[in-house]
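Here we start with a single chain on its own, the form predicted alone, put down as structure tokens.
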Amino acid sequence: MHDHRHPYDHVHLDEPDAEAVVHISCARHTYEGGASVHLCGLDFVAHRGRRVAILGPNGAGKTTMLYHVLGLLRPSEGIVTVFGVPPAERWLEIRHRIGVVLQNVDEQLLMPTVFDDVAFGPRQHGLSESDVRDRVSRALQELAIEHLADRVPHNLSGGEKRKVALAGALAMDPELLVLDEPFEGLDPESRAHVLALLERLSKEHGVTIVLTTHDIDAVPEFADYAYVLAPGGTIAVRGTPEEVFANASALRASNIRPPILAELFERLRGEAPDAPEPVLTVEDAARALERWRRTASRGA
């Protein structure tokens, strides 16, 4: 039967208490060769409808964390639950609720055309071909890549491949999106488009989004909540972007620089003690500088 639902209609936003969609507590994984990642320290929690960023240096365990969420790794100790169940043991029960974009998108794009790649997930779940076409069309439109439908994925640019992989994730009508470095290879316009799309998915449709990124300047624009991993996988800091980026010592320990706007305002305050406190977004910066200008004008 044809599916006339609006995308993500299955997500309810009127829950009295926020649901913990993802929960990780002191999970340990040991790779062949003996290298161990212990995702301990603070618990990691992603609530329904929230956008959560994971930050940390290379080798800290960001991808290991995502692989546990996706059931690709099984912890040797500790707790990992997604929608209340351990994903490595009960993946088949929850996979239809999750959309995924891996860092190496070439591993995901295996079909002869972009259309077929985006359609792969819905087809695997047995949807009718008319429903599949509706979902694919909708996902391609969301990413503004309808013109790529008949292209061979292998021949696309890196940024185009990433958008195709994201379209494939959206075609699953997910309740949870798991994204590994989703902004990599995107030009500024595409990056802004994807940021706006992710915000709309979370705010309007209650989709939970968990992503890793090295794009520090995207975090204040994207995240409701951020976690910082120290080398070895310890979850060292968690909080809003403002709280996380105010913790200078933890950022230094994880080799993470603050967003460029925060650095700019810190330098301003070094030159002018009455300069505004550091802010993290362009809109906040514009307002703060305008207030500072007006105050300076009145005192002149």
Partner chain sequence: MDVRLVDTVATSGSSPLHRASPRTKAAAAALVIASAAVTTNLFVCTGVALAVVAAAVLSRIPLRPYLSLAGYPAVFAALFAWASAPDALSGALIVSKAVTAALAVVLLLFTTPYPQVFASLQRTLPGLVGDALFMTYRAIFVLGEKLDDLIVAARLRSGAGRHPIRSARATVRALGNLVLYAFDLAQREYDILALRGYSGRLAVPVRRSAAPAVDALALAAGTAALAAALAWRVAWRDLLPYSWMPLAAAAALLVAALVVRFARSGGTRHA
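Numbering follows the first chain given and starts at 1. Just so it is clear, the structure is predicted and the values come from calculations on it, not from any experiment.
One more form of this protein exists, namely the form predicted in complex with the partner chain; it is left out here, but the text below deals with it.
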Seminar exercise, completed: Among 78-86, 182-190, 107-115, 211-219, the stretch whose residues bring a heavy atom within 4.5 Å of the partner chain in the predicted bound form is 107-115
For this session: Could you work out which of S157, S130, Q124, Q141 is the residue within 4.5 angstroms of the partner chain in the predicted bound form, going by heavy atoms?
Result: Q124
Exercise. Among the candidate residues L70, L251, A53, A236, which is the single one with a non-hydrogen atom no more than 4.5 Å from the partner chain in the predicted bound form?
Worked result: L70
Exercise. Candidate spot R95, V100 and V152, all three in 4.5 Å heavy atom range of the partner chain in the predicted bound form?
Worked result: yes
Exercise. Do Y225 and the partner chain come within 4.5 Å of each other in the predicted bound form, heavy atoms counted?
Worked result: no
